[in-house]
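There is one chain below, alone, in structure tokens, taken in the form predicted on its own.
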């Protein structure tokens, strides 16, 4: 059976709860429009699946509401027809949401009949291939969901995930407790191990910060890890690349193969998949779309801008790691700046462009160098583009500290161990001074990625991520 799951943005969850609340405990109802992410092959179970992402929550107009009690809610279908029209025009999936304030956990026989009628109405209007998603809110905050693709039997969603400054997972197939992680359960409770086990996490870039991130994720008990990098081990990497040996450098072993080998040797029942290639490659898209979290540990600006858009189109948080070790400019040993930065990219927070954490000109030059090396060399000769410059300093203790900051941000999103409401959108640590601060940045109103909600949760579009070239 094809699997499916739903990701709700926390602001949509909050709006649903407000719309469904009733002072006398009556059932409530609302509509949603969802984006859709079709995954041809999940990298771990190799099966196709669909992820739906919240795009908009819509109140049912007062004039359409007919009746409600603690056992039922009824409304006429005028507004539902308008919902279906918008879904077809905008390439979205219509969804109905209602509540069971009394706590009945599931869909009733009356739900089955009503939803089947609504699905038939939607299909008659929008044509073959129409889908209808149904979500029920059980009590105040538990969600169950299913998808109608025909008028026979709906497909149950195995998971509903809500993401804002926290990650909240409600699953029908929670894993059993792990003895290996018992000491971790003493710190945060047994639930965190179950949450980590259910996560699928990508690490893009397996160098100085990416390799310790992979190690930490595996030791934390993340169930599924995907590593992506197009580079091989070199001798100059051995001072900071976790798990790499001189033999790996002698034989130019791909970094992702080293990561997979080391995690497999841990014997911690972690499923790890590796992909050697640049993150934009078409065959990597499905793998990225399958993930719940992405760690951006690459130092190229183009790749980071690409992940920036993934976060907003697919509601997949990207935890981006940056490290600056700036050498003195007088030729003497020492550093002018030593700092680590961790940013969480997700709708409602500022994107890379608005934070000023990427160089767009440099990103275009990187694209040119990768896609047309001859033209890049010609332009470099004529000084239209910049060269790569000297290698940056790298010290394993500092790359590891930045990696730890990043993985701790994931933990904050799961268990809020700081008591501040989840993760921080951006943390900046002065490595030489020993202090850290959070940094705020606001989306620019003219930013196409984070300045409007047009792309947030939109899912699959053609061209991919609405990028041309």
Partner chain sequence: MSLLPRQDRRYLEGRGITVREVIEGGKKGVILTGITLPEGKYQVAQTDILILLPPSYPEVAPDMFYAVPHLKLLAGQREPRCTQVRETHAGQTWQRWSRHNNQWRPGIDGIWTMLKRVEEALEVAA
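All figures in this text were calculated on a predicted structure; none of them were measured in a lab. Positions refer to the first chain, counted from 1.
Unshown form predicted in complex with its partner chain; subsequent notes refer to it.
Counting only heavy atoms and a 4.5 Å cutoff, which of 300-308, 70-78, 158-166, 136-144 contacts its partner chain in the model of the complex?
So the stretch in question is 300-308.
If we define contact as a non-hydrogen atom of the residue within 4.5 angstroms of the partner, is residue 111 a contact of its partner chain in the model of the complex?
Close contact is absent here: in the model of the complex, residue 111 is far from its partner chain, nothing within 4.5 Å, heavy atoms only.
Going by a heavy atom distance of 4.5 Å, is residue 25 a contact of its partner chain in the model of the complex?
No - in the model of the complex, heavy atoms of residue 25 and its partner chain never come within 4.5 Å of each other.
Does any part of residue 173 reach within 4.5 Å of its partner chain in the model of the complex? Heavy atoms only, please.
No, residue 173 sits far enough from its partner chain in the model of the complex that none of its heavy atoms falls within 4.5 Å.
Indicate whether residue 125 is a 4.5 Å heavy atom neighbour of its partner chain in the model of the complex.
Residue-level check for residue 125: no, no contact with its partner chain.
All of 222, 329 and 336 within 4.5 Å of its partner chain in the model of the complex, heavy atom check:
Not one of the three qualifies.
Have a look at 261, 246, 86, 360 for me and say which one sits with a heavy atom within 4.5 Å of its partner chain in the model of the complex.
For this set of options, the contacting one is 360.
I need to confirm a contact call. Of 117, 150, 234, 372, which residue comes within 4.5 Å of its partner chain in the model of the complex, counting heavy atoms only?
Comparing distances to its partner chain in the model of the complex, the residue within 4.5 Å is 372.
Does any residue in 253-291 get within 4.5 Å of its partner chain in the model of the complex, counting heavy atoms only, and if so which ones?
Going through 253-291 in order - heavy atoms within 4.5 Å of its partner chain in the model of the complex - there are no hits.
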